[in-house]
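One chain is shown next in structure tokens, namely the form predicted alone.
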């Protein structure tokens, strides 16, 4: 991967940032928010920070363009990243380029999905990635710009323009940026990336094409049984893409709910099995037309119930967030997978 080619450098006579942003918007390079100008010097700082990632990238859908490192760095600069964030952006890109992630399908769908990025391991703290209170929200540069950089890459390199190749009916705020960290320090269980087979010392990015988080509010339950009842009934929604039974989802437990579940003896493995068993939609909640439509594609209920995932293994449980009796679940597009990639750092 060459850092620069002559075709990648454009000489512009632009007097200020406002003129730059007007120009970028007119070119179709913008997500609608102000962009940082990707000067040669800035891009060079980012490519230098990515010297540990030496493998070429697969073509990015829908254009099927093989990106150069400089083109990826330019989008990370425009997103407002710091150079040290760039290896995380590259790991996230490698995740969405995994064949099982189904990038082209997730972009062409009318479903409001976006690349969810979760960071586990030591880099969370080194880069000040928010894993605690408001981890899905505003206020952290790393969260906001890492997620935004991936979206800009898919827009500008891949060609996923809204209304053209990105066909989402209504879209989602998650399409601006969707990045958070796992709160390993307060989790009563092993970190997610360790459960996926990585070393505790690895920093790992996990991606899934999903919706924005759906809040699960349970302030009243004081037992695991009560919390589980609320969680499973919240996930079991007939209007969710999960009703098709084709894809994974992520259950993000708030620390207080996680502590209640752990106190009452629940392991991650047991939780996954219980959620799979109970997070189901009764056929009485599904319209006759939809039942017929599902059957025509081979989707049949298990008895009188539609499971919300194909298998127990398609339920992914992590801990993130701060104080408060809230959790969240993140439904996937369906025809996608949860992909984890170790962040390649410079030696």
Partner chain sequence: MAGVVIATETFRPLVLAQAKARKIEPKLVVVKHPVGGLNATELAERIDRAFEGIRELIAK
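Residue numbers count along the first chain shown, from 1. Every value quoted in this text rests on a predicted model; they were computed, and no experiment measured them.
Below, we turn to the form predicted together with the partner chain, even though it does not appear here.
The partner chain is not shown here, but in the predicted complex it comes within 4.5 Å of a heavy atom of residue 62.
For residue 104, a non-hydrogen atom is located within 4.5 Å of the partner chain in the predicted complex, even though that partner is not displayed. At a distance threshold of 4.5 angstroms between non-hydrogen atoms, residue 165 is in contact with the partner chain in the predicted complex. For residue 212, no non-hydrogen atom is located within 4.5 Å of the partner chain in the predicted complex, even though that partner is not displayed. Residue in contact with the partner chain in the predicted complex (any heavy atom within 4.5 Å), chosen from 201, 223, 267, 110: 110. Figure note: of the listed segments 307-315, 48-56, 277-285, 62-70, the one touching the partner chain in the predicted complex, with heavy atoms no more than 4.5 Å away, is 62-70.
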